[in-house]
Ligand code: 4NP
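Taking the form predicted alone, here's one chain by itself in structure tokens.
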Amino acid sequence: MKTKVLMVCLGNICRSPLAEGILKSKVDENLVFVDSAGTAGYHVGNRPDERSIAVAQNHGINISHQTCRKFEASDFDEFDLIYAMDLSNFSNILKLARHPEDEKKVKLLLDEVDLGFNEVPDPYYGGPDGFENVYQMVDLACESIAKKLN
């Protein structure tokens, strides 16, 4: 049986698509299924932000095929682990939890590594350096997750 992991940010166009692509590149797809979603429905049906696509491509990962979707309460039934990119989205996910078993599945992505902070900053309003910085943070966390799942 596959372990199912969901990466969640606000719009599902910057951070969580990167996290999905990065983790997919590090795990055995026969053992682990990875997806992403956003807590807001602003970009449902769209591709990830071009800057996320570009930074992923610079690291040999193609996320251009991903489609943005909104996080739903039913995701608690589908996924074993749900990683939020920041405290705001963590809180928004927990608001949809139906019982303690749902809550136990939700973690902050950067709690998987010791960087001295636990939130992946939203690079949307910044320049390309912000996307590279996010990539590096998420990559470290995904490396830690992959070691546990593979």
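All residue numbers refer to positions in the sequence shown, first residue = 1. A quick note: this is a predicted structure, and the numbers were derived from the prediction, not measured.
Form predicted in complex with the named molecule: not shown, discussed below.
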Choose one stretch from 107-115, 91-99, 26-34, 42-50: the one whose residues place a heavy atom within 4.5 angstroms of the named molecule in the predicted bound form.
-> 42-50
With the partner left out of view, is C142 within 4.5 angstroms of the named molecule in the predicted bound form by any non-hydrogen atom?
-> no
Is there any non-hydrogen atom of L10 lying within 4.5 Å of the named molecule in the predicted bound form?
-> yes
Any of the heavy atoms of D122 lying within 4.5 Å of the named molecule in the predicted bound form?
-> yes
The named molecule contact in the predicted bound form: C14, any heavy atom under 4.5 Å = yes
